[in-house]
Each structure stands twice: as structure tokens, then as C-alpha cells.
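Only one chain comes next, encoded as C-alpha cells, the form predicted on its own.
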């Protein structure tokens, strides 16, 4: 082994088996060396203990980055949804934890991954474009069938004779002196620098076009990188469509479809109010006759009877099943014959049918305006039937009751 002391970078010991390398590691570890490492063609189980490698600070770096990512996601979602651009969607809150969990997860993982990658590189002093071992021909077998242990001259305990003696005692195949790399330039290759500069300039070109597009106006159509949303295969309103017999793309609404904002100027008819107060009379456009009563009875049995019952006693099949199951905090439906409901203005009854009350949903989107009033008319008939004195009944009606 020939070398000049000034050119020496370290000593490299070569071994034929993983077990020999592990045994050598224990001796070097016990000798107190700090600047040394091992190189193997595949992971060797237990070598980290043999080398005395302790847990690094990388997990703490990853944890800190994860918390930063989580905080960034929370702040971003809260600011964009609850502060900067408030937008109500289906009555949902401006900001809530469950709705934003996917973004929390993604940013937490993203920050953690970057911290793990770059933290590992920094803690290992990587990347290292050149190393003296690269010029040692025997070291090429490290990716094939040889195992190496390398001690750097820069170690505080390094003494050429003592270190040589220590490595010889580990029974290596060979111990080679590794000289400093005097051939590789410290400067980055000029072609690489030029290529990096060209790539950086080219990468700025799209941003320049974007800035120009935002700052200028033009009568030319915009460029569509993906035109799927602009040129969908569909028919617009008023377009012809040969599929249908009338040649029109628009279809007539299905029978029974409830129109939105029907009769917008008639507050009495559509809201059951006049000057903001609930009315006690039916609108003039609602005909009080047997046909209206029959339609109200039909709509009542479809929409109201399942909970309130056919007679309005609050004993419909839904209520009966809920009482049988006895689950949760079930509140029985209101009995419709109570005095306070009989005294309630018809406009307020209409408002309940239209908009709902407490747990009862509104049916304004399912029942047309005139049929909502028909339900109110039938409800009034039910209430009157429940409160009618026996003396007001005919002999035939009394006999029917018996």
C-alpha cells in the first residue's frame, strides 16, 4: 500500500461476507471512531447496531413538517371559505372540519414527504457529486459481491499505523489506501450551468404569457387547453333536436310539476299573508266547492296522513311505527283538532303546509299553490267535524255515528 500522507483520504477494508463486515464494524465502533461508514450491495440486517448508529432527528423534522402542513391546510380552507370568499352551498356552514379533511390529509402528507426527502439529503450531506472512492477500481464490486468498511483520515482517532493495525485485525481481503480526489474539478461543468440557465428562462415563458393575457384585452377567442367544459356534447335551450318528433330539444314539464315563483305579485295566494299578516280568508281565486274539498282530501292523504293520520289525530302509520320502535327522541305528530289550531288563521295553516314547521318538512316544492289551499280547506273540514256539537247533526248522521 503506497501513498503520500498529504494525499491520503482514508483506508478502505474489503470483506467477502456480510458476517465478516458486521464483526469488523463492532471492532471499529468499540475503538471509538466517528467518521467511518460501510458499503454493501444489499441491506445487511443488524449492521446499524453493529455500527452504533443512533436514531437521527429526521422523524422530528417530518413531524414538524406534518404539523406545518396541517396548519397550512386548516388556515387555507378557513381563509378561502369563511373569510375571503364566502359562498353558501346547500345551507352548509362556511367552514367545518369534516368537509375539509381531504385537504388536511393531502397537505400533511405532502409536507411530510418533502421533509423526509430533503431532510435525509441534508443530514447525509447529499448529493455528493464526487468522492475519492469513485476512482478506486476495486470499489466497483460494492454493487455486486463485496462488502466494504471505510475510515476517513479526518477522524479524530485516525492514526495511519494504528488504524491499519485495527483493520488488519478484522481479517479483510485487502486494505487499500484511498487518496484525495485531485482529478475532479470543484466547479460545476459549464454545459450543465448553461443548460440550467436555459431551462430556468424557458420555464418563465408560460408565466410571461399568462401575465400578458391578464393585463391585455383582445377580441380573439381564448385558447382552450381542454375544451370539454366549453364544447360539451349536449343540447342547449331552444336548439333543434331530431331525436324527438317535434324536432325540439326542450321538453314540456311533466304533469304535476310545481312552478317556481308562481303568481309572484299575489301575496295572499302564495304566502297566505296581506301586508305581512296571516289572513283568515281564502284567496278569491280558490273555489270553495266539493271538487276542491275532494282534491284537498286526496293531497292530505298522500302527504299528511302518513304522520298525522287519516282523521288528523297524530296516529298515522309513521307515528305508530316510531312509537313501536321507541328509538331516539321521537316527538309525536300534532293532533290537528286542537283548539289553538282551530283558531289559527288559514294563512298560517297554508304557511305550515308550504314551508313546514319544526320537524315537519315543507311541501311547497311538491304541491301546487291551489292544491295547498285545498289541503287547508280539507283540514278546516276535519277540525270542524271534530268540534261539531252532536245537536247540530242530522238524525241520519247520528245514526251513522252509532
Partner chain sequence: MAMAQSPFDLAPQGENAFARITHNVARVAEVPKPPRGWYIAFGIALSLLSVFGVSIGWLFWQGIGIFGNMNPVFWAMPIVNFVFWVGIGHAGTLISAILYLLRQNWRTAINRFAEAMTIFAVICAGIFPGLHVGRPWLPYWMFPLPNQMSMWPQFRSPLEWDVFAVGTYFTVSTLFWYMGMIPDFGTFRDRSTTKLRKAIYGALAMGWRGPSRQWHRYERAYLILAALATPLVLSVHSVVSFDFATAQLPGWHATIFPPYFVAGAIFGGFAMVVTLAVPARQFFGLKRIITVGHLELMAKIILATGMMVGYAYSMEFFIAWYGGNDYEMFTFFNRALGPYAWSYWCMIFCNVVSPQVFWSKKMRTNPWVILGVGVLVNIGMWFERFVIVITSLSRDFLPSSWGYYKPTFWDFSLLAGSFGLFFTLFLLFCRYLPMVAMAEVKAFHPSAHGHGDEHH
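Fair warning: this is a prediction, and the values are worked out from it, not measured in the lab. Numbering follows the first chain given and starts at 1.
Beyond the structure shown, there is the form predicted together with the partner chain, which is absent from this document and is the topic of what follows.
Visitor: Can you check 227-235, 182-190, 165-173, 287-295 and let me know which stretch has heavy atoms within 4.5 Å of the partner chain in the predicted bound form?
Guide: Comparing against the partner chain in the predicted bound form, the contact stretch is 227-235.
Visitor: With the partner left out here, check for me: in the predicted bound form, does some heavy atom of residue 31 sit within 4.5 Å of the partner chain?
Guide: Close contact is absent here: in the predicted bound form, residue 31 is far from the partner chain, nothing within 4.5 Å, heavy atoms only.
Visitor: Heavy atom to heavy atom, is residue 127 within 4.5 Å of the partner chain in the predicted bound form?
Guide: Yes - in the predicted bound form, heavy atoms of residue 127 and the partner chain come within 4.5 Å of each other.
Visitor: Would residue 55 count as a contact of the partner chain in the predicted bound form, using a 4.5 angstroms cut-off between non-hydrogen atoms?
Guide: Residue 55 belongs to the contact set for the partner chain.
Visitor: Given that the partner chain is not shown alongside this chain, does residue 332 nevertheless sit within 4.5 Å of it in the predicted bound form, heavy atom to heavy atom?
Guide: Because no heavy atom of residue 332 falls inside 4.5 Å of the partner chain in the predicted bound form, the answer is no.
Visitor: When you measure heavy atoms, are 51, 76 and 80 every one within 4.5 angstroms of the partner chain in the predicted bound form?
Guide: Yes, each of 51, 76 and 80 comes within 4.5 Å of the partner chain in the predicted bound form.
Visitor: Tell me, out of 252, 94, 201, 259, which residue has a non-hydrogen atom within 4.5 angstroms of the partner chain in the predicted bound form.
Guide: Selected option: 94.
Visitor: Only one of 320, 277, 89, 246 has a non-hydrogen atom within 4.5 angstroms of the partner chain in the predicted bound form; which is it?
Guide: The option sitting close enough to the partner is 89.
Visitor: Using the arrangement in the predicted bound form, list in sequence order the residues of 127-162 with any heavy atom within 4.5 angstroms of the partner chain.
Guide: Heavy-atom contacts within 4.5 Å come from 127, 128, 129, 130, 131, 134, 139, 140, 141, 142, 143, 144, 145, 147.
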